[in-house]
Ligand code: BDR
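Consider the single chain below, provided in structure tokens and representing the form predicted alone.
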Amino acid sequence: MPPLHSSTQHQPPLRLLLDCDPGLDDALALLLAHADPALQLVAVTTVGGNVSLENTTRNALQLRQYLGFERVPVAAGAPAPLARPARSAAHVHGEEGLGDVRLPVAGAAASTAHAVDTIVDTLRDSPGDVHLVATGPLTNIALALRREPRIVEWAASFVIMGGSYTRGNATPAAEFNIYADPEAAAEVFAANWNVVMIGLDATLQAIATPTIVDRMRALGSLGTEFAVPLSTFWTDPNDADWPGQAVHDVCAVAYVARPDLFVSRPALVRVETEGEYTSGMTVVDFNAADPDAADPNATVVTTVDVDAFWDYVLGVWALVAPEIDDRAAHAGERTRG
């Protein structure tokens, strides 16, 4: 088997700031961001989305301790959308956000800084050197843009898990992260940067099938007690041919380290904020007919090399499985003591 990162060997890791709402798949994305030696996780910011901000922040802190990135700051951000009541996906992720997984209480608190300040300050202090990834509603990112529009110049890249160019999952038209705060998403797509949009059309190709779940179990307790339950908690009761749960947010982190695993196309993306039935829809124009139309503002991922994706993800998780298993075992001994 070739090296995991043959194209990035002997190069410094790519620095990454993850804005998230953990969340089943956010937790798996954090595992990838921490475990991949080609990445350096420099900050985690949280937003209300899949579950409340209190729960997403608690989950991020517990994940930081369990996975072992204790020196990475975790900063809480916006509890609710810019202009709408907060929505929840607790019916998918469980009331507390991590399904049936219960992690030890975190021993360290969140940063006293607000997530928006953390985003702006981190990008300002290392212009062109930090990749910004958002896997929840885009409220924190919109607020950061309002505070400091120059973050569009400072981010090395900006990748989101969100949207769709076909159908949604929160509604027939809208994917949840965009639906949860369409006004924020509209501001983010309208800013003067290129948004790498990894939407449902791509992420629904990254399925934890029974075969993949068996491979996760081979990771030891990291697999059986963490990755497998997070990857299998939700099933669609309306799909008789349910293939398995998608690991949506993992795709966004994977894109930073391994863009070669994805096929994408430039597009002009606008966000619907007023439609009675289409609020939160990402309107994706791959072929603008009007020569006077605006230039593309996004790179929209269409295809995932599924076999190579899972080889990469499971290979990276395997790198830290012994360490995380050992840490979890010692935490359990301290708890019992």
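Just so it is clear, the structure is predicted and the values come from calculations on it, not from any experiment. One rule holds for the numbers: they count along the sequence shown, beginning at 1.
Another form exists, predicted in complex with the ligand; not displayed. Remarks below refer to it.
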Original post:
Tell me which of 161-169, 125-133, 140-148, 223-231 has residues with heavy atoms within 4.5 angstroms of the ligand in the predicted bound form?
Top reply: 161-169
Original post:
Might residue 155 be said to contact the ligand in the predicted bound form, defining contact as any heavy atom within 4.5 Å?
Top reply: no
Original post:
Given that the partner is absent here, does residue 116 sit within 4.5 Å of the ligand in the predicted bound form, heavy atoms only?
Top reply: no
Original post:
For residue 176, is any heavy atom within 4.5 Å of the ligand in the predicted bound form, or not?
Top reply: yes
**OP:** Report yes if any heavy atom of residue 56 sits within 4.5 Å of a heavy atom of the ligand in the predicted bound form; otherwise report no.
**Re:** no
Subject >> the ligand: the contacting residue among 200, 98, 254, 75 in the predicted bound form [heavy atom, 4.5 Å] >> reply: 200
Original post:
Which residues within 39-63 place at least one heavy atom within 4.5 Å of the ligand in the predicted bound form?
Top reply: 50
